[in-house]
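In structure tokens, one chain follows: the form predicted on its own.
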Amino acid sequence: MSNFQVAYNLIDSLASGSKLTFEEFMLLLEAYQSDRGNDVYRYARNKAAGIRDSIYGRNVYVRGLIEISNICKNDCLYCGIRKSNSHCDRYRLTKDEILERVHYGYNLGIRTIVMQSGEDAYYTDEVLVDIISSIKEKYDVAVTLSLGEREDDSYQRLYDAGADRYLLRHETADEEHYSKLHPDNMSWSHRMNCLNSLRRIGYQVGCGFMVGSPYQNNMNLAKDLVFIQKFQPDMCGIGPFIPHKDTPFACEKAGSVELTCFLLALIRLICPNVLLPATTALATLSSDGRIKGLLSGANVIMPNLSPEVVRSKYTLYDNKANTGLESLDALDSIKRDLEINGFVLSLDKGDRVGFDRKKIRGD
């Protein structure tokens, strides 16, 4: 049996609900990187799109992203808002500014808000509880947080205040690789413990990683896929690594849009019900990156609702694509772009199909 037939059989196994081993994921990655890699990708993409359509139809869910602060205590080597970047123009949104953007998005019809930030000490539990409670009292929206690592009791308080989902990229499932991307004071085991705590509390939980990050190899990617297969996240955000000029990785090569799309397809096969974004990083490296991601099994987009005056300051990487919603006309433009490619824009909250909070919590 040829290596390509083995790859097709492995993709069929995933599509039928079987689990793969680390070695089998390695075989898939090697087949993709061969001279017939495009055929392997197309086969995986078609299987993934079919599974997504059978669960979610052609719906693409909109999340309104509000980047509330670019102040961060951490010094991750790849990140443009790292603590030691003295060229970063820092900002922080007030409660009123955040609520104004939620109101704006709500009037557009958006029913999921994502608050994202560097790890900014200003946003204590008390401050965030006040903001989340105010949002939930005034608007019928799902609140997603992406605020980095916190302690268990903090996650619990934010959940009790009304937060529904939490995004925390694991960055890499390989501890040694993690140590090459982060300073010594950051711990891979603590990152993993945070993900487990979020799941135990009852959040819909998202993990994810960069594709093509420095020092990454097939073994790292296979470990990521094994981890995702075991963890079964409700959401999974992956995107190509893009260097930032003011970081130690400024001269590193960007990741591949094509490999990212292949991995999106595999993740859809591994986690059929997952909510899978076509990320801004894809759109940054390729003008049709968002559509390529959706064709590969993704079903979420996250246009930017941050105030225009700060939007250019949240620069995790260089040349970030502008995915802002300036008006209802912009949302209509996104809708038309999706419809041309056979997708339907959905403004629903869009919970993961099959999510059962009571089951997760053991209530």
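Keep in mind the model is a prediction, meaning the values are calculated, not measured. One rule holds for the numbers: they count along the sequence shown, beginning at 1.
The same protein also exists as the form predicted in complex with a small molecule; that form is not shown, yet it is the one meant from here on.
Residues placing heavy atoms within 4.5 Å of the small molecule in the predicted bound form fall in a single listed stretch, namely 309 to 317, out of 23 to 31, 50 to 58, 332 to 340, 309 to 317. 169 is the sole member of 223, 157, 169, 101 with a non-hydrogen atom lying within 4.5 angstroms of the small molecule in the predicted bound form. In terms of contact with the small molecule in the predicted bound form, the residue from 147, 132, 274, 257 that brings a heavy atom within 4.5 Å is 147. Of the heavy atoms in residue 204, none are within 4.5 Å of the small molecule in the predicted bound form. Although the partner is absent here, residue 83 sits far enough away that none of its heavy atoms falls within 4.5 Å of the small molecule in the predicted bound form. The closest non-hydrogen atom of residue 233 lies beyond 4.5 Å of the small molecule in the predicted bound form. For residue 116, a non-hydrogen atom is located within 4.5 Å of the small molecule in the predicted bound form, even though that partner is not displayed.
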